[in-house]
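Take a look at this one chain, the form predicted on its own, written out in structure tokens.
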Amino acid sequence: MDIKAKMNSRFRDLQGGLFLNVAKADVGESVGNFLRRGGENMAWADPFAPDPAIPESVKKVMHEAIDSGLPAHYVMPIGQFELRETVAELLTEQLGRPVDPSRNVIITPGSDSGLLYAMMPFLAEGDEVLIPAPSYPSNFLNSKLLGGVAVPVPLSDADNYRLHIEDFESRLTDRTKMVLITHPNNPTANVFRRDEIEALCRFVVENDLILVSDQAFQDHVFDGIEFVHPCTLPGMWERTLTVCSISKGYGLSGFRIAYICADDHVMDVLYGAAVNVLGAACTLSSLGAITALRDRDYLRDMHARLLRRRDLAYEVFSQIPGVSLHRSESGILSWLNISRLGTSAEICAWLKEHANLMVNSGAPYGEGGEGHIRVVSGCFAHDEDARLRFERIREALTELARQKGLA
């Protein structure tokens, strides 16, 4: 029996690595098998992994909660009120406008589910989604899973992946429903500037579109670059869904806590289907997240650590013959152009064999991704441990460059 023939076309061609190799590091058993063989993972965007990363203040609250027995029980499917209240206070400060915890915020079990859920109410069969590329692979796949059509809007390495509104305008059709951005961008780690965001938002308003802004990496923007929240610009509050997370900014990826912020007319619908689609976020993680979000000293300390790490990664990787990169403007990622050395798949395989490290192939990140690799430079708690791995990458790729006559 060909069971896949009975599946709908949105899912039928998906591969989870059981029968064919899958390039994405977060699909199937590829990472688990590599780790069991003694390899190390720098492919998951998980700050400080695999080292301990929970602040003492958060540990204390969670230990006390376990002793009380409370975490054995559900929170509301829309999220525990105190956590929504904490998120709303933070958003009110960031956005400069009131955010109501009972009308504008919903908690999701991680930003991946939050991103899919934010898109879900809007896309019907054949609706088109304009997505800057390269970008987070889920942006493209989510569109397909919901019946939509992902329309890549290419960004260029040459100008550090700036948005050019004419590239959006040239791809606009009568089926265009949504624009989806990852801001700051993943995998390129660049931050879209005010003029780019303002032009994009005018385009969204003028063409009566929806904007989904995935801001999972917003907490750590470097070099004094202004971060502009699209939902604060004229005409955008009522048509923007903002998806945020504690995974990247607070180094608590395993907590699986994220949130969506939106106008109450949108949120009413999200509240209505939350129990069917999201279930409820983890009770124990919710309690820990409240303390983490209120601990501003921890966030400042983490920012300083990640800035040092960004500079260290750039220092080492910029020495590799045949490799180029921009200095990352945010977060925990380094995006390396390795096209002179080989394809993305070839370089990932080389690093697994010669550096015993797994990094991300650029190919799954869409147009402009091939010829690049993504390295999660925020892995490992201590800079000296990270440097050792960066040097292994440098040495392995330098040897390859020598073989190709580039060094």
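In this text, residue numbers run from 1 along the sequence as written. Just so we're clear, the structure is a prediction, and the values are computed from it rather than from any experiment.
Keep in mind the form predicted in complex with a small molecule is missing from the figure; the text below concerns it.
*Asks:* Quick one: of 247, 80, 285, 190, which gets a non-hydrogen atom within 4.5 angstroms of the small molecule in the model of the complex?
*Replies:* For this set of options, the contacting one is 247.
*Asks:* Which of 182, 240, 86, 330 has a heavy atom within 4.5 Å of the small molecule in the model of the complex?
*Replies:* Looking at the other structure, the residue within range turns out to be 182.
*Asks:* Only one of 92 to 100, 285 to 293, 302 to 310, 247 to 255 gets a heavy atom within 4.5 Å of the small molecule in the model of the complex; which is it?
*Replies:* So the stretch in question is 247 to 255.
*Asks:* Residue 110 versus the small molecule, in the model of the complex: is there a non-hydrogen atom within 4.5 Å?
*Replies:* The answer is yes: residue 110 has a heavy atom within 4.5 Å of the small molecule.
*Asks:* Quick one: does residue 218 come within 4.5 Å of the small molecule in the model of the complex, counting heavy atoms only?
*Replies:* No, no contact at 4.5 Å.
*Asks:* Should residue 136 be counted as a contact of the small molecule in the model of the complex, where contact means heavy atoms within 4.5 Å?
*Replies:* So residue 136 counts as contacting the small molecule.
*Asks:* Is residue 186 close to the small molecule in the model of the complex, meaning a heavy atom pair under 4.5 Å apart or at it?
*Replies:* Yes, residue 186 sits close enough to the small molecule in the model of the complex that at least one of its heavy atoms falls within 4.5 Å.
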